[in-house]
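What follows is a single chain, given as structure tokens, in the form predicted alone.
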Amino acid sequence: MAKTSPPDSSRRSERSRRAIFDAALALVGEVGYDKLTIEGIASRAGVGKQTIYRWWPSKAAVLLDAFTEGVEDYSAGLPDTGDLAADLKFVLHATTDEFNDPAFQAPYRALAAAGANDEELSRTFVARLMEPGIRVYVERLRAAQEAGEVADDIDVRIAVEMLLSPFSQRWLMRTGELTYDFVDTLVDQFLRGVQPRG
């Protein structure tokens, strides 16, 4: 008689986790964050509510894990071709495409809105998603500073926030279209402010 292997609970758990993430990301785009529920996620994923509550305390926690799991790996850093303006524009063009993608917009906007009223969620979101991105910009600007492209007395961390904040503000508050032309102008004006004088 052939031996039968016991079910692999880790594979089953991974399938459930993936189904929950897919369901959360799909539903937040369809119904919005306010109408997103654990019950709805469980139903779409084909799991019980208790399965979700065993791993996450809230819908925000589910959505945060689902969204941040698929984010870009920043380990390679920003490109460094020796042309700081071109490198920043290249990366921010790609970021513009990402931020204009409806599949990205729905969960990001939902988490930003939820984080405004939930300090712990906001801090986790910043630590997992925003800080790694900011760090690679800081590293690229620091390299540019060492190469003489950025003034020595510039605080590169604050400089990065000066570059990225108008981008985020325009997108989050919908103060204007997020376009390549906007990004190019933003980068050019930013660099005029941080380049060495004389």
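A residue's number is simply how far along the shown sequence it sits, counting from 1. These figures come from a predicted structure and were not determined experimentally. In this text, rigid core is short for the largest set of C-alphas that superpose within 1.5 Å between two forms.
Although not depicted, the form predicted in complex with a further copy of the same chain is the subject of the following passage.
Shown without its partner, this chain lists 142, 170, 135, 44 as candidates; in the model of the complex, only 170 has a non-hydrogen atom within 4.5 angstroms of a further copy of the same chain. A heavy atom within 4.5 Å of a further copy of the same chain in the model of the complex is found for exactly one of 39, 146, 153, 69: 153.
In the model of the complex, a further copy of the same chain sits beyond 4.5 Å of every heavy atom of residue 83. Residue contact check for residue 103: none of its heavy atoms lie within 4.5 Å of a further copy of the same chain in the model of the complex. In the model of the complex, a further copy of the same chain stays beyond 4.5 Å of every heavy atom belonging to residue 65. In the model of the complex, none of the heavy atoms of residue 78 sits within 4.5 Å of a heavy atom of a further copy of the same chain. Looking at 162 to 197, the residues that come within 4.5 Å of a further copy of the same chain in the model of the complex, counting any heavy atom, are 162, 165, 166, 168, 169, 170, 172, 173, 174, 175, 182, 185, 186, 189, 190, 192, 193, 194, 195, 196, 197.
The rigid-core alignment places the CA of residue 163 less than 2 Å apart between this form and the one not shown.
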